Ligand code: HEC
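Just one chain follows, in the form predicted on its own, and it is written as structure tokens.
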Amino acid sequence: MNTMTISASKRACILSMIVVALSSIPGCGQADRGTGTGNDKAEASVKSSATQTSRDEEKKGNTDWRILGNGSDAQHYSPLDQINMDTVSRLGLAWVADIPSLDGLSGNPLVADGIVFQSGPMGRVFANDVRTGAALWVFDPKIRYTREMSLATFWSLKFNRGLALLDDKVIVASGDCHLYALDQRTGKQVWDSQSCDPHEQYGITAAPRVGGGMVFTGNNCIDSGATRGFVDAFDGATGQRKWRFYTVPGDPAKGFESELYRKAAETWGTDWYDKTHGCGSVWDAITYDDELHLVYLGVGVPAPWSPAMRAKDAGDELFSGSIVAVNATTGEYVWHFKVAPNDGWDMHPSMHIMVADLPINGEKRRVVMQAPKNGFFYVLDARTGEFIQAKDYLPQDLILALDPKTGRPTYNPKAQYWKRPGESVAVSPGPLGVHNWMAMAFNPKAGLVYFPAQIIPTLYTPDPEAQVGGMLFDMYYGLRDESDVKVAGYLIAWDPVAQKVAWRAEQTMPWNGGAMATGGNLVFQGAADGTFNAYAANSGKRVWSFDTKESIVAAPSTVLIDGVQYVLVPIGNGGSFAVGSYLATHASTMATRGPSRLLAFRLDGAAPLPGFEPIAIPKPSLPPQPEDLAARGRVIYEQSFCADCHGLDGASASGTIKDLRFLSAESHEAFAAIVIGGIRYDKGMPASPQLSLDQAKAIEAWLTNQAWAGYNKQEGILPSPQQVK
């Protein structure tokens, strides 16, 4: 473990600045990085200053953003209104903090006592001063890739969707199944607990959630169907595991933990365990309800995705594809609502779960709200899970109707590709969904929910050799001439009571960032094209925009510090592809793949935005390869999970996941040793020993031709007739 901190003298200096006024003390400059934490006397001085600082801040009405979504209801709302419709035109950059993370940032920034905390991949945490952006400390658990790590762990270490604050601790998860608790002031590790096993098909990309003194975390199996999903609860003070809730039953031959799982197993059909072990991944969605003392879980679907590859007499395959409520203290099952019965498209509800009190039929009810992948907005009773209502908010051709009493879908027969053997079937939405994990926001005054939405039609082709879901899927299908449905992106304002769109703002592309609503009648949202925007909450008119030059996927936060309202948003390389890189070549350009940064905005801010130099695609070192060999290589590339990291066309979001159009002559020389033998496992590239040399050569041919296509486009060279074909 390694915690990088500023020196004791610098920390004392910064804390003094907080008390008496910024920049009024000579010698207090940009934080320097060191490895020590200072002596006991200095630590005591810092703690004393911190106590005084906290008292002073309370007098000034300073605010925090301590929980993802700014409260246990996860509404991503702030009543702050200094920045409003009349003043937003004065909004400018207050400061820019470069974050030392090669991979992009996608977590909601949290703020406590004047410090902003941002998580990054590999379990890192970055603490900065809210007033100045000065770096205070960096926590790095120094994770090392090993050959024994599962593919899910390799993949998950590249992404991190946020952290949690509990009392005086920062809680962060790493992709290799660990949870770390850190001291908020110093970044020192307090405890380390392990949830899943990184040597099995598990990884963690989710932000931990907190409530009732406990920490909750889920995991993923990269939709392999190889492992059994679950959620763990840990004691926030000690890191001791308190309970575990399995999302699917285990091996029937070994018996069941309780009657609950025996009954759940009956819904999976005959001999189901021979075909799949689940997973029922809780990718991200966990919400703690402090009023009902429940924890709501969004559970992923089973794999393989094709129902024809699972038990033919399967029922609801519980608790996959469901929203589940459990007792926060014990983890005992309370209720579930099945969103995706007999799912074949990965339309899971492991998305943001929001809680609110709404007037339903003239009566105030506590409800759970969610917009899962399938394009419908659901409202459920929070106490019982009873279906209240749902309606689709964008065109989709997957579901014909929902039962008005139960909410169960009637699927469109044309979308059921498993009933059309030998065919590739176009479906909208595809696996990225109409809404994915990006945060929704709720303005209780306006009664509207705001969230990013998209149309990404996908061509499904069943393939038992594919490592993800037993499926090949062309997510670029909506960009092709043969598709009747085209790719699009929107910010939706949804009335959850009237079940209708209040307004819809069109965006330049899909896969846009999470939303935040404020008391200033504004909705803030970052976009894949690099713009950070403010919209009028009641009309959807864009009233302010700032070009950050980099893709944004995280939801922003806002706080009041010393009478000044700040808006904080992380940006950076790879941030807009934190669920995979399929849309890398569409959802960004080389010009929007810059370094990881944290931006702060305030009224009359005038800080400059540093630039960065986009990297050009070099001329490939190999000549163009035969088209038939490259075509075969593309299929193998997709089957072997390569696309899930490096992008469907080899054009990843870069960072530590390399854009394969940049392959050097050295990498070509060692290609088989890298891909099959795993000689670069220590850099995060796992081995694929199941591949033959011929298969590796085919993949290399495919990537070589992709490199030529990218290079020629960049240089303005027209493609050859073969490339057009």
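Note that the structure is a prediction, hence the values are computed from the model and not measured. The first residue of the shown sequence is 1; numbering continues from there.
One more form of this protein should be noted, the form predicted in complex with the named molecule, which is absent from this view; the next part is about it.
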For this session: Within 4.5 Å of the named molecule in the model of the complex, counting heavy atoms only, one of 147 to 155, 316 to 324, 243 to 251, 368 to 376 shows up; tell me which.
Result: 147 to 155
Exercise. Any chance Y333 has a heavy atom within 4.5 Å of the named molecule in the model of the complex?
Worked result: no
Problem set entry | Any non-hydrogen atom of K697 within 4.5 angstroms of the named molecule in the model of the complex | no
Exercise. Contact between S692 and the named molecule in the model of the complex at 4.5 Å, heavy atoms?
Worked result: no
Problem set entry | Touches the named molecule in the model of the complex: S688 (any heavy atom, 4.5 Å) | yes
Exercise. Is the named molecule in the model of the complex near all of T656, S667 and I674, within 4.5 Å of a heavy atom of each?
Worked result: yes
For this session: Could you tell me which one of Q389, T531, Q416, S640 places a heavy atom within 4.5 Å of the named molecule in the model of the complex?
Result: S640
